[in-house]
Structure formats: C-alpha cells, structure tokens
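Before any questions on binding or motion, here is one chain by itself as structure tokens, the form predicted on its own.
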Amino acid sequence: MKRSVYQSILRSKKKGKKLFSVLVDPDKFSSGVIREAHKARVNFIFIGGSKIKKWKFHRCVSVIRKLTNIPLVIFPGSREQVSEKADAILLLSLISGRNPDYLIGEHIQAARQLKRSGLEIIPTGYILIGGGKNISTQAITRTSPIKSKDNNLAVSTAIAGELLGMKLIYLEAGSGTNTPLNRSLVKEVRKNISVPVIAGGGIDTAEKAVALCRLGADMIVVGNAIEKDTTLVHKIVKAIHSMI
C-alpha cells in the first residue's frame, strides 16, 4: 500500500521539518538529475509541464519509476498528464486567474480518468505571482498573475483557496524567472492560512531556498536551476533538512 503523500507533508509541517521537491520537465528530462535527487534523498519528485506531448510524459514517468523509489507526484500542465505509475497528483486549480478552463474545466475533462487511476488526489490552490516577466504558464492559461507586491490580494486568494477546501497552497513565481517570490508576500500568506505552503520559481541557490522556508514555506520546489547545475540538489537538501 502506498504511503500518503499528503499525510507525509502534514507530519513534516507539524514537526517543523522543511521539504524539498525536484521538478522534472519531460521535455528537458535527464536521468542524471533523478540519480542526483535519489542520492541526495529529496522528499519528492514532481513531474509535469505546460507543453509536453502525452507520449513523452508517460515515457518519462516510466523511466523515473525505474530509477528511484522517491514518491512521484504529478504537477499537471494538462488533463492528459495522468499516470497510475505515479504516487499522487496535485489537482491544480489556478485560483489567481479567472480562466474557467483552469479553475474547473480541465478537471471535469479528467475526472473519470482520475477516479479510475488510483492516484492520491491532492486539491491544490495554484497562485501565480508575477514579477513583470511573461512566463509560459501565464501565456498558456491566458491569465494574469497577481502582482508581486500585492500582498493583500495574494493573501485573500490563499484564504479563499483554503476555505474552498484546497489542501495545499502553491505560490509560483514562474518557471525560468530569476526573481523569487516576494518575501513579505510569502510571510503574510503563511500567517493567514493553516494548510501547507509550497514555494517555487526563481530559486537558484540554497540561500534563497532557506530564506523562503524561514518565511513560512513548508516545501520548496526547484526545476530549471537544477537542470543547469545538478550539484544544487545536494546543496539545497543539506540546507533545508538542517533547518528546525
């Protein structure tokens, strides 16, 4: 029987233990990244992306499953990114936007497949935070991010997500951005909700990861920076796992 990914996150939050996930984009997949993640004992591997072809996604899931027993969590970019070979899926609702397809539409299309899959389903409020760069997620979803200094809107959106039953709140600064999340925004969101907070985007050093954790992020997710430098996996794991 698979261990619950969500319960594992909750246990870590209760203990004050910070978590680290490596995000894999199948379009840029490297088995070397997975091997380094396995050696470093990252907590989770996320897999997904906005423009991935269906066959490439499923092939990547199969390869990762053979390389490591680290819990594999789907971070879906579309309704086609569902695989029973993974352990869980973040059922993302883009609550920072107003496009009905990404609030509920894609979910309806995938609902029957998700129910049959046996995956652990984790409803997740996905909040895109913009720093001025037109990131890929923004272009594909045809939504505008919350401005990086608009703490009030970000906090209200996170609260609404929790009240709607979201089990996680994911704050995303954008794939490939060089600017991490506004620190005061992360701090205010953490103060106002009780569910775990995930932070991603713009994290390319262990110092940035630790700073976000200290502000209240329960989990850090890094993708692009690790594709460029796999040694970063070990640096972030060491820094985050040493925090209490």
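Just so it is clear, the structure is predicted and the values come from calculations on it, not from any experiment. Sequential numbering from 1, following the sequence displayed.
Below, we turn to the form predicted in complex with a small molecule, even though it does not appear here.
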Item checked: residue 97: touches the small molecule in the predicted bound form, heavy atom cutoff 4.5 angstroms -> no
Notebook entry, point to check: Given that the partner is absent here, does residue 224 sit within 4.5 Å of the small molecule in the predicted bound form, heavy atoms only?
Noted result: yes
Notebook entry, point to check: Any of the heavy atoms of residue 196 lying within 4.5 Å of the small molecule in the predicted bound form?
Noted result: no
Notebook entry, point to check: For residue 192, is any heavy atom within 4.5 Å of the small molecule in the predicted bound form, or not?
Noted result: no
Margin query: Quick check on this chain: which one of 175, 179, 184, 68 has a heavy atom within 4.5 Å of the small molecule in the predicted bound form?
Written below: 175
Notebook entry, point to check: Among 197-205, 60-68, 184-192, 34-42, which stretch has residues whose heavy atoms lie within 4.5 Å of the small molecule in the predicted bound form?
Noted result: 197-205
